[in-house]
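Just the one chain here, the form predicted on its own, laid out as structure tokens.
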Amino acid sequence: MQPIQKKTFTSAHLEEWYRDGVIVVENFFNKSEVVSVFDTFVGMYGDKGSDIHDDTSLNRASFKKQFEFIDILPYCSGLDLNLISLHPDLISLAKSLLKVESVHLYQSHTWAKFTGATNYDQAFHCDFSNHTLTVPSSKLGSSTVNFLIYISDVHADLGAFEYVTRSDATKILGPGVVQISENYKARQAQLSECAKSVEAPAGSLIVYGLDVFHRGTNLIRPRGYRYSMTVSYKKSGDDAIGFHVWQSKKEGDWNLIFESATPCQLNCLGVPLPGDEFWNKTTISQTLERWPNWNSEPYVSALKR
């Protein structure tokens, strides 16, 4: 699979997504967009990499440490960090892949990994058990799209993402399998043999579906680190899918986002678009009391039409 550039995204790449469930887009975000986010990561997490990597066998406690350095939108600092998961090109790509007119951002979190903090190796798995109480939908309109954004350069010894295309997984496990219930070790070994490792520069994007087998790998480079973000979109109104509930983090500083995001970006968080029946003089006034620097003009103008 050849990495693609954002500006040359074509129907052939869409076909690749529907067939294999994974696309790698190198340099999806330009250097200026990702550098400021990288600097914010450094300020949030620092440099905790050890000279010695951890390769001990995983248990419940050490597996939990894989997720030690994670934060959830809204982030404590950095406008670029707060808006990168709502980047217009990311929203546009999600709509194209899901073939829908409206999408909802339902997951956005940072993730820092450091050599020696724990063993980051994982078994091949599909991300659906913590996204839905059912299973991945077979209908495109009810599907989701996951984005893994590399915020730092990632090489094989810095926890590169590994995945198996749908077609290769089908050859090994059979059609439509999203969890391994028999011959677990043998199936893991077979998946590993045909797995692809994503080594790519900062700003690159990995696009994958809930039914794609993938895994995290260990960091073994001395004093190494991997900065990334996990961002997920779904079709608006799909109640079967969820991860973060933005309202549950009401104590977070949403001011940066409400002051800077466009109506389209806010809509991806569940804020109705201008012209929606939700908006009237009362709701606009009350929202301004909550977010004093929110740009209410598009919503007020829509009332006058």
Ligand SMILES: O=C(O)CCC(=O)C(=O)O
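When you see a residue number, it is the position in the sequence shown, counting from 1. Owing to the predicted nature of the structure, the values given are computational and were not obtained by experimental measurement.
Beyond what is shown, the protein has a form predicted together with the ligand; the following relates to that form.
- Contact with the ligand, judged by heavy atoms within 4.5 Å in the predicted bound form, is confined among 172-180, 92-100, 187-195, 212-220 to 212-220.
- Proximity to the ligand in the predicted bound form holds for all of F67, D127 and L148, with the criterion being a heavy atom within 4.5 Å.
- At a distance threshold of 4.5 angstroms between non-hydrogen atoms, K234 is out of contact with the ligand in the predicted bound form.
- The ligand in the predicted bound form is approached by F161, whose closest heavy atom lies within 4.5 angstroms of it.
- Remark: W111 counts among the residues lining the ligand in the predicted bound form, judged by a heavy atom distance of 4.5 Å or less.
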